[in-house]
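Just the one chain here, laid out as structure tokens, in the form predicted alone.
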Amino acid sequence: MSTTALPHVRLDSIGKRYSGTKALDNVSVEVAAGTVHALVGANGAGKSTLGKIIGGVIRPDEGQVFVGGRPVRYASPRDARTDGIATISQELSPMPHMTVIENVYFGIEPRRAGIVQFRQMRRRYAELVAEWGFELDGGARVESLRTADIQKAEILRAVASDAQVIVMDEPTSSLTSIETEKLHRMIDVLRERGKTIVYVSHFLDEVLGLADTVTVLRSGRLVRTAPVAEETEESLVAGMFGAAAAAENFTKPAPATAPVVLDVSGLNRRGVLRDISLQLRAGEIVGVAGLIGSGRTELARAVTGADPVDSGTIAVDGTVRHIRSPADAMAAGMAYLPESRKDDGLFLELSVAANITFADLRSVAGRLGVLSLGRERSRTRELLDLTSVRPANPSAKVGHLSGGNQQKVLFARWLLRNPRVLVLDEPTRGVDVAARAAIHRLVNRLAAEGTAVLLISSEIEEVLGLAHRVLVMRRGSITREFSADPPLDAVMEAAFGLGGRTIA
């Protein structure tokens, strides 16, 4: 589809502020009908905010949005959906107690005389799944799904509504490579059918392979909009970061020879985990690789008390600890950054300071054990500087920060407690290349200072780049262990179940 088509969506001089900080400053963009228009930028650049304005999730403070040549001012995502605009958000927000089918067809259920026709809805869902290839049990409750499956449900919901404009905010952040390919094919078909896609992504190779046009944002301002054929990864990075564009390579600390800090033996949870045993030494980063559904997140949740186990022992610094809750894990000197910062990590409506000091209120208490706001603010500022959170404003709402800065707030929370063991589940999910590098440097520094790190990531390159050892999980078991810097193909073969249980 030619990018010279008439504008489907036009954003004219858009401005948006959060807590006095400009998230968008005088941004004007035209999105041509029947094209894929990508928005790229560092975390905090304003790309997700711009997508949310198009989808009616938030309102601009300044400027005007035009759809099909008409000025619009949506009060909610429902208003936008009624006008033919659907949004797949980076921070997934389905109705958890409803089934997948009910979520997909919420608000557009087939009805007769006002009565929902469930048989017809199930038939439509089966046709929808067959057409797009996303296998997902329609009768499953959303609250029981993994993040990747919730993401698939959100994608199906968007296409089921027959929206004319679909805003996709980091839609592949939780998907496997096969599922990502399916989404890419879906986008190609939707474009052929005349749909307009606004695609927000920090995967620049995706942008260059999918989009017709790309808009580059930096610090809330428009850098440029150009045909994607005129861009390269290098030119996009230069536009996103300006003089700071040069990527910083992370390095590993020296291999640890210190005593064992975490010793997990014979951990079992019926149908989930089978005979898990592992050790972490002080200053060691141990990576966990595996396909989605292999049990990586379940391992993290079991070790940190978020989920119960049937048998097995967990020892910290040589002492067996009975960890039945996250509070028990914290008392044992453990910290956990969960896969979903929105659902399990942050209080989005509270301030940055409240989110950080929540883990250890005694450290910011004054006389008589009463919270000292001055001490809380001072300590929070130290940790924000240490973790490079921007803006470094303790009073800002966490929900108003970019994904990368939200993730760094979680790191700041646990730095307050100086954990012996740090369990990281997808620590760079949904963050840009600069935030990713900053998080890698932070993990390296913590390990160099003696913290034992268990790193879980869907990005094999991230695991290989950071870890001293790599454990591969499959079907709830640790099936392979590799020493530092194993070949990528060997790790992938192990993840897919090729080869035996060996030490490389």
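So that there is no doubt, residue numbering starts at 1 and follows the sequence shown. Keep in mind that this is a model prediction, so the values were computed, not measured. Each form is matched to the other, and the largest set of C-alpha atoms that superpose within 1.5 Å is called the rigid core.
The discussion below concerns the form predicted in complex with a small molecule, not included here.
Would you kindly say which of 55, 34, 60, 46 lies with a heavy atom within 4.5 Å of the small molecule in the predicted bound form?
Selected option: 46.
Answer option from 231, 425, 102, 170, heavy atom within 4.5 Å of the small molecule in the predicted bound form:
Among 231, 425, 102, 170, a heavy atom within 4.5 Å of the small molecule in the predicted bound form occurs only for 170.
Considering only heavy atoms, tell me if residue 401 and the small molecule come within 4.5 Å of each other in the predicted bound form.
Looking in the predicted bound form, residue contacts with the small molecule include residue 401, since a heavy atom lies within 4.5 Å.
So in the predicted bound form, is the small molecule close enough to residue 283 to count as touching (4.5 Å, heavy atoms)?
Because no heavy atom of residue 283 falls inside 4.5 Å of the small molecule in the predicted bound form, the answer is no.
How about residue 405 - does it come within 4.5 Å of the small molecule in the predicted bound form, if we only consider non-hydrogen atoms?
Within the cut-off, so yes.
Does the small molecule get within 4.5 angstroms of any non-hydrogen atom of residue 494 in the predicted bound form?
No, residue 494 is distant from the partner.
Out of the stretches listed (123-131, 223-231, 145-153, 393-401), which one is close to the small molecule in the predicted bound form, meaning heavy atoms within 4.5 Å?
Correct option: 393-401.
Any chance all of 18, 21 and 202 sit within 4.5 Å of the small molecule in the predicted bound form, going by non-hydrogen atoms?
The answer is yes: all three residues contact the partner (heavy atom, 4.5 Å cut-off).
Relative to the superposed rigid core, does the CA atom of residue 393 travel 2 Å or more between this form and the one not shown?
Shift at residue 393: below 2 Å after core fit.
Superposing on the rigid core, does the Cα of residue 103 end up 2 Å or more away between this form and the one not shown?
No.
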